[in-house]
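Take a look at this single chain, the form predicted alone, given in structure tokens.
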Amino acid sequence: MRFLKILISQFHKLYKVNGINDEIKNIFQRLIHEYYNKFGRDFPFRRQINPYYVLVSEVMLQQTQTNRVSLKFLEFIKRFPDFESLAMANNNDILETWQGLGYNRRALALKKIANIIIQEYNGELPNSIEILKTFPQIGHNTASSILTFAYNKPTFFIETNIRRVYIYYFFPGRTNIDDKEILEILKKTIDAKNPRKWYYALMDYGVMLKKNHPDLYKRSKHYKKQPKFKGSDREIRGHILKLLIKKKEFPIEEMIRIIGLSKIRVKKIIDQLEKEEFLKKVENLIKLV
């Protein structure tokens, strides 16, 4: 760590005087890579890389911590090892396997994506950000990360831990920092020779910064306090789906009684779940699609 501290001190002194130049870029890349070489995290989705595994893990990692994803990822790919098996699976089996990750719409989005890839792209994950962005549940950042990790292709994206790294090094003393500013610097400092390893390293460095500098993220213009899960619609949605996975179908009135909240609120959530194609109503029953 002493060597890293020397590099960090050198970086701060030179950046304060010269701004971004080739020397700053080289020092920055070196200290990020050196940290990763010594302290990089190990995850199953980093060990064996193929486009399908990358897609599954990146969708799982949306709004979910890596330690929760790791075990669930192994369970998921064991049950659905490729695009074809996922496309052919029924929703009940997919949601059952997904339990514990939350944001269940991501699970059904993966099935829809698998169907699209089988039917329209001959079972091959497209090597294009613009095409990936047309898939459900995939925006620019996720499309970019999928492309980089699946094909080791340089792209430009920001997520929470990457944001922390750039705020720490390139915006000393600043607040209300816009991602557009970060993105411009990211483009100038990316390691285009091995972008997959570079982004892994940035993310792992960001995790370390979170522990040592927990308030860094608050300096971002995009900082928002995480809403409480307890008592939220998201918690109720998860409860309803969990019950349906176990019992397959429920009388609506019984479901309302078990949830123990107002009939209006529970029915509204059930209607939303039906709209999102999680379940369907048949007379007085609800069941998974």
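Take the two forms, find the largest set of C-alpha atoms that superpose within 1.5 Å, and that set is the rigid core. No experiment lies behind these values; they were computed from the predicted model shown. When you see a residue number, it is the position in the sequence shown, counting from 1.
The same protein also exists as the form predicted in complex with the DNA; that form is not shown, yet it is the one meant from here on.
Shown alone, this chain has one stretch from 47 to 55, 246 to 254, 28 to 36, 63 to 71 that lies within 4.5 Å of the DNA in the model of the complex by heavy atoms: 63 to 71. Mapping the unseen interface onto this chain, residue 260 falls outside it, with no heavy atom inside 4.5 Å of the DNA in the model of the complex. The DNA in the model of the complex is not approached by residue 97, whose heavy atoms all lie more than 4.5 angstroms from it.
Using a 4.5 angstroms limit between non-hydrogen atoms, residue 231 is distant from the DNA in the model of the complex. Interface membership of residue 40, defined by any non-hydrogen atom within 4.5 Å of the DNA in the model of the complex, is ruled out. Annotated contacts: 138, 159 and 226 all touch the DNA in the model of the complex [non-hydrogen atom within 4.5 angstroms]. Here is the short version: of 105, 188, 174, 79, the single residue with a heavy atom within 4.5 Å of the DNA in the model of the complex is 105. Of the residues given (203, 182, 131, 150), 203 alone sits with a heavy atom within 4.5 Å of the DNA in the model of the complex. Taking the DNA as positioned in the model of the complex, the only residue of 266 to 285 that brings a heavy atom within 4.5 Å of it is 275. After superposition on the rigid core, the Cα of residue 48 moves by less than 2 Å between the shown form and the other one.
A movement of the C-alpha atom of residue 224 falling short of 2 angstroms is seen between the shown form and the other one when the two forms are aligned on their rigid core.
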